Structure formats: structure tokens, C-alpha cells
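First, one chain by itself in C-alpha cells, the form predicted alone.
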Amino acid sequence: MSDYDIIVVGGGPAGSTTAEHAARNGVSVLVLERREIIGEPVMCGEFMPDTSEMKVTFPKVSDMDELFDVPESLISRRMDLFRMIAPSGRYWDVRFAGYTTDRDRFDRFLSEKARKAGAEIRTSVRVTGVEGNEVITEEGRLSAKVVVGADGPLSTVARSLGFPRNKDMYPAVTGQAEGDFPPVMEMHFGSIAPGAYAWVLPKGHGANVGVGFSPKLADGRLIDHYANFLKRRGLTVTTRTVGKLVPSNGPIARTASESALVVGDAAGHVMAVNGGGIPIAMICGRIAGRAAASHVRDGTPLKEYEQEWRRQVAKPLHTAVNTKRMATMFMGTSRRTEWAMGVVGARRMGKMIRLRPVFP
């Protein structure tokens, strides 16, 4: 007999949303999170597109208003302008609605929703492997009818069960800067962040700032690029710098087996053009939770999870991958980056952000 119907490894947005929607459907759910406090440390840009934008980007996803309904207290700063900045300082403004949040509080909000739905949450639990339907932790073994890997880009669940690995991940670092910032979201391209971009995302107080880069295209260490960006932009960071790996090659080829599935960063559910993963994690997490519960209750094959998330979001995600590959090809140097951004222009940059084909 299984200890739980479903065990979710990872308590971020993908794991918590999966747990919530599985528990809503009447099955027993356990979430295992390695960190002591869910959401800490913050390791992302803390930006969320407005629901109106996500409806444009992912038109096949239904009931977005319910999925992305968050209390006003979690919205740090609303903005409607992306500023795309070339190496020379020339920029193009793109209208795009979104907001920054405090990611630690945001993640705990999602975790609490899962708990209220009936899921059990355990923190400070390190999962070291999965064998069949058994999840191995440093404290012992637990069994489940379905195991869900929501444990990030280097997923232990995926590795243990033979799922494909994320490819071409790029490292990124971030911190919180002090100061007053206008309501403009900055994205800096070129040698400051080869193969990716640097960002300044204003919050209610200060801003989230960071740099990502492609190790294949960059010389030196990421932390040095970060320090150079802070100096050039005149920023003072008041928090510890933290880093993560960002999948940039689109979804992995297989995300479900007979008794397990992977979701979120573990599945490559990331928008390749900007590294954004929270919205996709929540969209696919809802699908994963419902599919896992249906499998437990009715024996529905878990492959239906993969079929459904691909139906809803695969096309925009693959468009983003193709756009990123094209951008990488044309942005090898600062001069080429400047030229390419001029050719693309603000209108096409807006299409890029919304995961639409840039050309024609």
C-alpha cells in the first residue's frame, strides 16, 4: 500500500500548483521541499506578466483569471513598459503589462493554497533519488502511486527515472538594488550579457537586478559580468547575490511515464527568449495535478498530461526557442547586436516577448 497517492518533489510554483490541483480532486498529496523556508533565497527576476498578456501569449489556456488570481499585497510594482537597451545605450520601448512581486512571499502564497486544498507540506527534506514508486530521502523512503518531479532544472526525479535532461542551460545571478526607479522594465543586451541579457526590474522599494549569459559565447566569469553591469548602471546591491541555471532549449522530449511526470524547470517549461518560468510552471502544474489525480482515481494514463500541456503551450514555447536561436546567431558582437536590434525594431520585439514569430 502506498504512503500517499501523489508525492511532489519541489515546493516552487510548479510543485505547489500541481499539489493544489491534485488535492482539489480528492487524492492524498505530499510535497517535499529541500529548503527550510519555501521561496528563500529568491533566485529569479520576480516578474509576472499581466493575465491579459498571458491570454495573448497562450490563447489555448482556459480559466487564466482563476489560476493567476493573486492578492494585491503580492504585487510590488505594476508596469507597462519594457525598455530594450542596445550596447550603445540606444533603446526601444515596448508596451507590455506586468508586475514585480516578492518571490519568497509569492511562493509561500502558492504553497499555502496547496495546503488549504489538502496537501501536506514538508520542508527541509532532501530527496536523493527515486526507485520505481519509492522516493528516497535522507530520512527514509516513501511510496506513492504517482511521483511528480518539480525539483528544478537539475531534477533528481528526472535523473533517477531516466527522463531526458535539460540542454543548453545558462547561469544567471540576481540581487536586490537600492534606490528609486521609474516604472520601466529594462533589458540590456550585448557584451554585458553574451547570449542572454541583463535586467533591472523595479519594485515597490528598489529593484531586482541580474545578469544571465551563455557560457559558450562569453569570456570570463558570470559574477564579473554582473559586477561590470552594476558598475556601468550605477547600481548598489544590498542583498546576497544568488544564482541558478535557466533551461533555454525548450521543453524536454518526454515528461511522463507510467507512474511519474516532471513539470516546471524540470521539464524545460521556460520561455526561452526571456527565461520566464513562473507562468508556464503554474499552467503546466494545474494540468499535472489534474492528470495525476485522474490517474490515481480512474487509471487515466499519465501520457494525457503530456498531450494536454503540449496542446496548450508547446507551440509558443517552441517559437521562443527558434527566436532565441536566431537572436544568438545575429548577436555575436556588440556591433551586430546593435544592428540586429535596429532591424527588428520595437514592434517585432513586442512579438518576441509575446512568443510570436518575429518574421515576417
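No experiment lies behind these values; they were computed from the predicted model shown. One rule holds for the numbers: they count along the sequence shown, beginning at 1.
The following text describes the form predicted together with a small molecule, which does not appear among the structures shown.
Participant: Looking at 189, 199, 213, 226 here, can you tell me which has any non-hydrogen atom within 4.5 angstroms of the small molecule in the model of the complex?
Facilitator: None of the other options qualify; the answer is 199.
Participant: Of these, 153, 118, 87, 195, which has a heavy atom no more than 4.5 Å from the small molecule in the model of the complex?
Facilitator: Of 153, 118, 87, 195, the residue with a heavy atom within 4.5 Å of the small molecule in the model of the complex is 153.
Participant: Please tell me whether any heavy atom belonging to residue 306 falls inside 4.5 Å of a heavy atom of the small molecule, as the geometry stands in the model of the complex.
Facilitator: Residue-level check for residue 306: no, no contact with the small molecule.
Participant: Closest heavy atom of residue 77 to the small molecule in the model of the complex, within 4.5 Å or not?
Facilitator: No.
Participant: With the cut-off set at 4.5 Å between non-hydrogen atoms, does residue 233 touch the small molecule in the model of the complex?
Facilitator: Judged by the heavy-atom cut-off of 4.5 Å, residue 233 is well away from the small molecule in the model of the complex.
Participant: Just checking whether residue 289 would be counted as a contact of the small molecule in the model of the complex - the rule being heavy atoms within 4.5 angstroms.
Facilitator: The answer is no: residue 289 has no heavy atom within 4.5 Å of the small molecule.
Participant: At 4.5 Å between heavy atoms, only one of the stretches 167-175, 139-147, 181-189, 252-260 reaches the small molecule in the model of the complex; which one is it?
Facilitator: Only one stretch qualifies here: 167-175.
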